[in-house]
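Below you will find one chain, with nothing else, as structure tokens; this is the form predicted alone, and questions on how it binds or moves follow later.
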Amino acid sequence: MHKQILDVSKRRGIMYPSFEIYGGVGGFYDYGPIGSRIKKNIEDLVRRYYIIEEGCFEVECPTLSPEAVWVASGHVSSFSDLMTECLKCGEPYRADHLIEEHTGKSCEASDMSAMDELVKEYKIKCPKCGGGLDRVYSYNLMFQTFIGPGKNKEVAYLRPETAQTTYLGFRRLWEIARKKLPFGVIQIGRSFRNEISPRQGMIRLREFNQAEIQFFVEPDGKYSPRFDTVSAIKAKVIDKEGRESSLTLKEAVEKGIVKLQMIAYFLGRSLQLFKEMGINPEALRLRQHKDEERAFYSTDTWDIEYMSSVFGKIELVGVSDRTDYDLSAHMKLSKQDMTVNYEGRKFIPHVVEVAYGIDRPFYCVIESCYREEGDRVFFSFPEDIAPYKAGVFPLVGKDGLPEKAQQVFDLLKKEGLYVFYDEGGSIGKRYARADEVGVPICVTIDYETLEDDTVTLRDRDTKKQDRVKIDGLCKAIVR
């Protein structure tokens, strides 16, 4: 399937490797004209969930930050992976991934010396040339650069996540929120990590897109008044001990598996969001971080993972109780007070974070919606995710049909709909091209249109065709 998806994605402008004319660079992908539309629709769906429905504020902060930001957050000292290099060809490898591929054993809690021993024990060699491997060492994943020229230049980093830049504006956001808790802040934007060996297409990128939401809450206020709207959702649940079960979110909270109701609520909202995106819900599972895997400051952390037929486990979102760690760390280094006086109590707010990637869900939507029916290939995208609402086609390129089709095309554009026009080739080929990029509706203008102002609507998934009056066309398309 992966080859077929890549072939159609490259050919139809969904996604393709960056810098192709110069041989490409691992960890970078371009979104083509079709992929850019799908990505924007995914981001807009996230915005609808969190800005409209959850009432979050949206901010947009610089991608470049002075070093002090990342010293306070702990990224300068500890944002690293363990890597090794081939002594013969110099190829770098992320040590835990290489060991897991060769042994099937998880290395999540292993240190450098333990990984060195596993490399020796299993006689692991360089997959590229068969050479021996150097000792495992720690490698910081941040891209370093400088702000300003000359001797006064300042060390800076491209942000490896959006969350920290959201925390920096907390005092202003607290005022904007009229000094009420809880309140949420979403930031959608690019982050950068100098990954050691990104070999999984869009799953592990060096420049990537995130949508991270920080909910500032009272230390004892980590519950949701709307939990009953998701409590009956049933999911595959893997706890920190590796035990797997099928539970409703209500059962997971009552059994103490998910410690905080607020975390369970946003796990449920995320499951709803992914389903609406078009991701196969049967391929999703909730996994709790193990004690040794979870950040020391977090009381509980959960991921939603997609089990890909191509890449295996793909993390789509992390929901975590970050306590007051981030605001306290920035308060300590910056000397700026992050405490609030709320309802007669003074404290540093806690943060419950909901951290989405955008590129990974994008790929999982592509994989989930890919269909083959004989010689026919198409993407069954939900209408809100599809790159266009409809394609407009004259049946043939003569007898006034193109002119009439252009009128219909202009009508739909004036209504603010993303539609495209195509009169090249046979009508069957045009249907096939629209199917390949997941357009849900094709509007065909034929000779009958000239007589009674009706058009043919063809459904992508069923291929069913109906006649609709032009004056009711917009309503028929936006279902």
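Basically, rigid core = biggest C-alpha set you can superpose within 1.5 Å across the two forms. Residue indices: 1-based, along the sequence shown. Because the structure is predicted, anything quoted here is derived from the model rather than measured.
Missing here is the form predicted together with a further copy of the same chain; even so, the following discussion is about that form.
- Listed residues Asn194, Ser80, Thr323, Thr248 were compared with a further copy of the same chain in the predicted complex; Asn194 is the one with a heavy atom within 4.5 Å.
- With the partner omitted from this view, the residue of Asp239, Asp116, Asp384, Glu91 that lies near a further copy of the same chain in the predicted complex is Glu91 [heavy atom within 4.5 Å].
- From the list 200-208, 307-315, 253-261, 287-295, the contact stretch for a further copy of the same chain in the predicted complex under a 4.5 Å heavy atom rule is 200-208.
- In the predicted complex, a further copy of the same chain lies farther than 4.5 Å from every heavy atom of Lys222.
- Interface membership of Ser18, defined by any non-hydrogen atom within 4.5 Å of a further copy of the same chain in the predicted complex, is confirmed.
- Proximity of Asp452 to a further copy of the same chain in the predicted complex: non-hydrogen atoms within 4.5 Å are absent; the residue sits far from the partner.
- Using a 4.5 angstroms limit between non-hydrogen atoms, Thr444 is distant from a further copy of the same chain in the predicted complex.
- Residues from 58-75 that approach a further copy of the same chain in the predicted complex with a non-hydrogen atom closer than or equal to 4.5 Å are Glu58, Val59, Glu60, Cys61, Pro62, Thr63, Leu64, Ser65, Pro66, Ala68, Val69, Ala72, in the order they occur in the chain.
- The rigid-core alignment places the CA of Ala386 less than 2 Å apart between the shown form and the other one.
- In the core-superposed comparison between the shown form and the other one, Lys128 has its Cα shifted by at least 2 Å.
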